[in-house]
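Starting off, we have a lone chain in the form predicted alone, written out as structure tokens.
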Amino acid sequence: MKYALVTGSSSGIGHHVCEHLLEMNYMVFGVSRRGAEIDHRNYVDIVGDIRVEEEILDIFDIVSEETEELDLIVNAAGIFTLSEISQTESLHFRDHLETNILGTFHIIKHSERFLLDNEGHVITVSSLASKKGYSGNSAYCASKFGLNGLLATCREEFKGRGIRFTNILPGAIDTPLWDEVDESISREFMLSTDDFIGVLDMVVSAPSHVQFPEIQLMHRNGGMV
């Protein structure tokens, strides 16, 4: 039995990742703020806020009741909203930093003792917005650019243990998130969730000596939106 922890499990990409890993016969610990509706004998639903370090300690206490080893972590939790800089409130900006960077930092920091030497793999769902600024995306882009720096450092600190770090940088993916952001945005040239899962499957299934430090993917006719 292999063990995986996935953040952002309640919806969107994180939810699909959990379902796919369960199909791959992983035991999956799903972490989200509101809980996920996944009914499977190998799924453990954990409600917690990754922005709060004390809650992260509780999350890993629950994991330790089942296992002391994790083969895989998928950081899929994140928030994304659109607003021009002049319309972006400081609290709104800070929430992006705390969710998209600080939350991932907490997960990696406290998972260190669980990750298997020469087998452990940390996959983080980032974005093309971690490489290029987009109008109306100041908070999101800033958080994703910062996330790249965090993960680059982690890759250096953990490489002596043979732990792999993969950043997946997709363009826009057609999920219900866009209903909340702006229903008027065209989804014609967005990736599907199946597109993303196909790439994830390749990364997860690769031999442990094969590393994908960074993968960018987009619809052939589109980018972010």
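Residue numbers here begin at 1 and follow the sequence given. This one's a predicted model, so the numbers in the text were calculated from it and none came from an experiment.
Beyond what is shown, the protein has a form predicted together with a small molecule; the following relates to that form.
Enquirer: When the small molecule is placed as it is in the predicted bound form, which of 70-78, 151-159, 108-116, 86-94 ends up with heavy atoms within 4.5 Å of it?
Expert: That would be 70-78.
Enquirer: Is there a non-hydrogen atom of residue 99 within 4.5 angstroms of a non-hydrogen atom of the small molecule in the predicted bound form?
Expert: Because a heavy atom of residue 99 falls inside 4.5 Å of the small molecule in the predicted bound form, the answer is yes.
Enquirer: May I ask you to state whether residue 164 is within 4.5 Å of the small molecule in the predicted bound form, using heavy atom distances?
Expert: Output for residue 164 is no: heavy atoms all beyond 4.5 Å of the small molecule.
Enquirer: Residue 13: heavy atom within 4.5 Å of the small molecule in the predicted bound form?
Expert: Output for residue 13 is yes: heavy atoms within 4.5 Å of the small molecule.
Enquirer: Taking the small molecule as it sits in the predicted bound form, is residue 139 near enough to touch it, meaning that at least one heavy atom pair lies within 4.5 angstroms?
Expert: No, residue 139 is distant from the partner.
Enquirer: The small molecule isn't shown here, but in the predicted bound form which of 173, 63, 197, 27 has a heavy atom within 4.5 Å of it?
Expert: Here the answer is residue option 173.
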